[in-house]
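For reference, the chain that follows is the form predicted on its own, supplied as C-alpha cells.
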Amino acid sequence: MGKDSSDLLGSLFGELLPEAPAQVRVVPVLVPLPVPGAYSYAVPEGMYVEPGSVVQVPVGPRQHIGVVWDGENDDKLDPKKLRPITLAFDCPPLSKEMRDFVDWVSAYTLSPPGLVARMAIRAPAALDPEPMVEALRYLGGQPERLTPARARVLDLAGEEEIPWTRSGLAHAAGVSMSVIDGMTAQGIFETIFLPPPPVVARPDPDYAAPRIEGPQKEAAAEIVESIKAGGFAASLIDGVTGSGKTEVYFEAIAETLRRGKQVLILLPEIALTSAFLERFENRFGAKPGEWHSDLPPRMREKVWRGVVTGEVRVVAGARSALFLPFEELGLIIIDEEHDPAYKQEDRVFYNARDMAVVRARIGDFPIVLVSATPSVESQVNGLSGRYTTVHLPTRFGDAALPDLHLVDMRRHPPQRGGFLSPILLRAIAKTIERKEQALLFLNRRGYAPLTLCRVCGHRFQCPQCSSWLVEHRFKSQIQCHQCGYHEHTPEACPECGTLDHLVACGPGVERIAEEVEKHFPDARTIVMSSDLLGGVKRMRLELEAIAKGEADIVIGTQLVAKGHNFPLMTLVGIVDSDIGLSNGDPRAAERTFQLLSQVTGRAGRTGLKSHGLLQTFQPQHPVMQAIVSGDAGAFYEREIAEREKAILPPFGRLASLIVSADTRADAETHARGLRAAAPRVTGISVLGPAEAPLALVRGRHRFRLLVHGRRNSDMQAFLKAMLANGPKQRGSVQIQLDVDPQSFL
C-alpha cells in the first residue's frame, strides 16, 4: 500500500474512532493553611496556569485562595480523583524570585509555606482587574433648550476636550445629575470607558534638585555607585540624628527609578510618618504608595494591584510590605533598621530587616540599611565587610548635637510624690520662657503600672495573665497590656472593701502629665501614647501640631522617638533612663542605648542650642556614660566583645520555644518531653524548660525552652528533629517557635 493510501486510511479511522482522552494536568498549590506543603489539584480543560498563578481551590467544604507552586507531584496520585482548580485569577503570577523568597523564609523560620505565601496575597479583592471607569465625552452641538444650567455644563465641557465622569461634571458645573443625563440622551455627550486612575502618580527622580552638601553628597555618591554597579550589595548608612540620612538614600531611590526599577522603603511606624511622605513628595513630585494595617481595605487593594502590575513604582510601608509581589523590585531601604518593630511575633515569626537582606540577595539587587544607632548585628556585618558602611558623623547644615547631662536621682530627688527632679523642672521653665519646646520621655503607657490597697496590700492583677493591671486615669479604667482585659477603676478594695485607700505605684505618661500640669498650669501640653483615644489619625494631627509649635511640653512614649522632626524642640528630659536595664533581655543595654539616643536626638535639629537631661539612679552604667560622652564606638566595641564572649547573636544562634496549655501541668509535661527529645549535637544546647517570665497569658500557662548554638550550627535541622521526636501535641497544648527571638517574655 502506498503512502497516500495509508494517509487516507488513517484519516478515515480517525473520523470513525473516538479521540483518546486528554491527559489531566496536575499542579501543586500552596493554600494559606498551617500544613507542611502543597496540595495537588487537577487543571480543568481550557484553563491555563503556571507556577506563581493565583487560583481558587476547594479545601474540604470551603474555597481558599492559593498559589500554583514549583515542584513535582506525587506520581501515585490518580489525576481523575483529584479535585479541580475552581478559578484562575486574572493577575500576573508571583515571580520565581518571589516564590524562592517564600520558600527560604518558610525553611528558615520553620513556618508552613502556605502561611508565608498568604502574606503575598493579602488583598484578595485586588486579584481581578479593577473595573473600567464610566465617563462622558463631549460630542459638540447644542441641546434643544439652552437653560442656564445646561449652559454652564457646555462652558465646562467645551473648554478642554477631556472626558468627565457624570458626578464630576455635575459637581463642577453646579447642576444635578439629571441635567447631565438629559444632555446625554440628546446626543451632546457619549458614554465611554476609561482605565481606572493610578493610585499614586509616578515619582520623577529629577523633579527637585537634591539638597545635600559635603559629607551627605559624598555618602550619596558612594551609595549611587553601588547601584550603578548592579547586583546585590548591602550598605549601612550610620549617621547621627539629623545628619541627612533620608536625603542620602533619596538619591539611591532616584537612581533606581532612572533605571526603570521599583523601590521598597520599610519604616517602623509608617502610619505616623506623614512628614516623611511630604518630604518624599517634595523631592519626587508624588507621594509613594503606602502599605500598613491602618490603610483602608480599598486602598490596600489598589496598592497591591499597582505593585504587581508595576504601576506603583515606590512603596513606603511597614514590615508586611516586604511580601508585596513587586513586578521588578530593584532596591530596598530599611530605615531605622535597629527598630524592634521589624520583628513579627504572630503566625509567621520573622525579622523583616534580616529577611529583606535575603530578598535582595535572591533578587540580586542592592539594599540600604539606615540608622543613627545601628543594631549590633549590622555593626558586626559592617566591620566584617559583609556590609559597606557609610558614616555621617555630623548633623546637616552643621547643626550641633544636644548637650547631654546625667541627673543623679540619688543626689537630686524629686518632691515627695513626684517624679521630676528640680534640675529638670528648672530646665523646662527656662525652655518655655524662650518660647521653645520641651519633650519628656517615659516608655510606659497609662497613669501607673500598679495599683494596690494601702490597708491590706491587695494588688490588682489580670485574671487571665500574670501581669498587673495598669491604671489609665484618662479612661477611668485599669487595663492589662497583654490581653486587653479592662475594668472600671474601682473606688473600694475588692479584697477588704476599704474606700479611698487605693494607691497608684510608679509613673506612666498620664501621671507625668498630671505633675507637669501642677508645675506649669499655663503651658500647652500634649500626651503622645498609642493607647489614647483617636488612634493613628489623632496622633498624626498631634505630631503636626508639635512640629508647628502649637505645644510647649510634649510627654510621650517611644512613639516620639521615631524620626520626627520638631523644629522648636530644644530640651529632652528622660524621666526614667534605667527602665530598660532591669530585665533579663540580652539586648537590654543595646536597646536602652538606641532608644535614649534616638529620643535625645529629637532636640536641636534646626540649629538651636539644645539640651538633654537623663534622670538615672545608675549614672556610672556603661550605657549612660556612652550616651552623655557621645562615644558610641566605645559602647559598640564593649557590647560586641561581650556578645562574642557569650556566643550570643550575631556570633551565636538562638531559638525560642514557648509551650502553652490550659493547665500548668500539661504545659510543663510537654515542655519536658521536648527537652528529652532534643538530639545530642555538639555546639547546640537546650536551656529549660522554665516558666516564662509571663507565665500566664490569656488564661494559658507558658513554659519556655531556649536553644543556643554556635553561628555555624544547623539550628533548623536540630529543631525539626526535636519536634519530630518529641511528644505529639494533644489537647490544649500549643508550641510557638521563634528562630532569632527578640522578646524573652
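One rule holds for the numbers: they count along the sequence shown, beginning at 1. Remember, it's a predicted structure, so these values are computed and weren't measured experimentally.
The same protein also has a form predicted in complex with a small molecule, omitted here; what follows describes it.
Only one segment in the set 244-252, 192-200, 663-671, 93-101 has residues whose heavy atoms sit within 4.5 Å of the small molecule in the predicted complex; it is 244-252. Note on the partner interface in the predicted complex: the residue among L295, V240, L568, C453 having a heavy atom within 4.5 angstroms of the small molecule is V240. Listed residues R152, R386, R538, R279 were compared with the small molecule in the predicted complex; R279 is the one with a heavy atom within 4.5 Å. Remark: I223 does not count among the residues lining the small molecule in the predicted complex, judged by a heavy atom distance of 4.5 Å or less.
Interface membership of P79, defined by any non-hydrogen atom within 4.5 Å of the small molecule in the predicted complex, is ruled out.
Looking at I212, you'd find a heavy atom of it within 4.5 angstroms of the small molecule in the predicted complex. The small molecule is not shown here, but in the predicted complex it comes within 4.5 Å of a heavy atom of F396.
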